[in-house]
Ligand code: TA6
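Encoded as structure tokens, the following chain is the form predicted alone, with no partner shown.
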């Protein structure tokens, strides 16, 4: 891994973008521009926080998150790639793939003319576990921090045969109280209810929370909106290249077993994930490229 001095010399932007080491040993990118602050771990390309200035945090990071080499981080925006959930045939492979615990390399950093900051990362093919993913593939991650947070996950098949990818941006959002919010944009969509043995159901009205929710909504590319009256705001999730939306909150029993959500942490977060999962996995022919992109914005209500 490149040392901090070299990273800051090559990619740091004075008074704008800095590389530093967390006490747990992870290398972090710290961004603070005219619009917002953000932090990204190079391990997993993991966006941990995004907070617009003079506003509450939008991306939720657990106060009990464990930042350590080789461990996934609870909260932020974990990258699920190149599969979502458990591997379809190998139960010993890590859930949600290997990208979220693998070091990513810095390609470029830019302070744009509009004042936003862009960070481009790539997953070095040398870091791919060959047994888990023997397919020649490149993957790049573009994070743009401004008055919105924009993320692109770009996969390209560089091998001689077709490949099939599952993927998700497993984003945790900061909310006042999950029992008082709702998620719009999924009315009428079919979903697989993982809490009810993957039974297929149809959404009626907004999604609300009074118990564990773990749902994969399929064949939907529409915006979702998290309405949070107590914060007087709504968070808009506008995506492209994604035909699945995953909505998740573990509720109290599972949260207590997880150990890294913090005291009653499940009440302060909800995951609304832009994904390609289940019947919406992506098949790439040789040379083909696919981009999953999302833009998060905050609107006052």
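Positions refer to the first chain, counted from 1. None of these values were measured; they are calculated from a predicted model.
What comes next is about the form predicted together with 6-O-phosphono-beta-D-tagatofuranose, which does not appear here.
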Practice task
Examine residue 214 and determine whether its closest non-hydrogen atom to 6-O-phosphono-beta-D-tagatofuranose in the predicted complex is within 4.5 angstroms.
Solution key: yes
Practice task
Answer yes if any heavy atom of residue 248 is within 4.5 Å of a heavy atom of 6-O-phosphono-beta-D-tagatofuranose in the predicted complex; otherwise answer no.
Solution key: yes
Practice task
Report yes if any heavy atom of residue 258 sits within 4.5 Å of a heavy atom of 6-O-phosphono-beta-D-tagatofuranose in the predicted complex; otherwise report no.
Solution key: yes
Exercise for the section: Determine whether any heavy atom of residue 106 comes within 4.5 Å of a heavy atom of 6-O-phosphono-beta-D-tagatofuranose in the predicted complex, and answer yes or no. Expected result: no
Fill in the blank from the handout: Among 154-162, 137-145, 89-97, 201-209, the stretch whose residues bring a heavy atom within 4.5 Å of 6-O-phosphono-beta-D-tagatofuranose in the predicted complex is 89-97
